[in-house]
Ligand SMILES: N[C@@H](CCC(=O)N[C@@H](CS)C(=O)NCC(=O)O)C(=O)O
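The chain that follows stands alone, in the form predicted alone, written as structure tokens.
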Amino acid sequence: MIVVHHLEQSRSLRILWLLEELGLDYEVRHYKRDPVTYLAPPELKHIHSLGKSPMIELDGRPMLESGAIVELLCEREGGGKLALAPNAAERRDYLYWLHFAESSVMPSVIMLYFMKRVGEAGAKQLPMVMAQLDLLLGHADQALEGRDHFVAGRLTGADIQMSAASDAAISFGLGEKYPNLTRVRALLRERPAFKRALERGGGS
């Protein structure tokens, strides 16, 4: 049994969505953020010393990093359903988008989020961070021009990972600036598997 340690208002919703798309059995354990610091609760550190989410337990061992989780589940547990085979023509693009979300987009998203929280203290750096995020989101938006998926003309783990980019655009009120990300986000959120994941995740 796969166990998902699901933190509210976190990117672990993508893991629930992936598991629903793959039709795998799993257990969800819910965690609340600290209402003051908005950090994950200390209970997660009892499972893994970093206390991060997304986190799953697979084969009795904890595993972190959503890119690695998605890649492993797609290839090992999902029978390749949402992955591309090593010799597939678009395998390189699949891996690129699969890891672009966390390696490139999310650092700028997190930086922007904290700058907005500290107000004037982060004002000087805000334009630089916004410019970098615009570059990244614009790149992703352009890749979806005339298509509904990042690779292979079908849903893959890369689409699930990259949903974080479109979520970021919407959360910062930038949806109109990236129409392709916004359009595809709306399509994917209508998938029955996503709706089931949202319900099991408690709406977050």
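Each residue number is its position in the shown sequence, starting from 1. Note that the structure is a prediction, hence the values are computed from the model and not measured.
Form predicted together with the named molecule: not shown, discussed below.
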Just one of 168-176, 63-71, 140-148, 22-30 has residues with a heavy atom within 4.5 Å of the named molecule in the model of the complex, so point it out.
63-71
Can S53 be called a contact residue for the named molecule in the model of the complex at 4.5 Å between heavy atoms?
yes
Contact test in the model of the complex: R196 vs the named molecule, heavy atoms, 4.5 Å
no
Would you classify T182 as touching the named molecule in the model of the complex, given a 4.5 Å non-hydrogen atom cut-off?
no
Can you tell me whether L7 touches the named molecule? I mean in the model of the complex, with a 4.5 angstroms heavy atom cut-off.
yes
Consider the chain as shown here, without its partner, and state which of D93, E102, E77, D134 has a heavy atom within 4.5 Å of the named molecule in the model of the complex.
E102
Scan 10-42 and note down the residues that get a heavy atom within 4.5 Å of the named molecule in the model of the complex; none is a fine answer too.
S10, R11, R14, R33, L39, A40
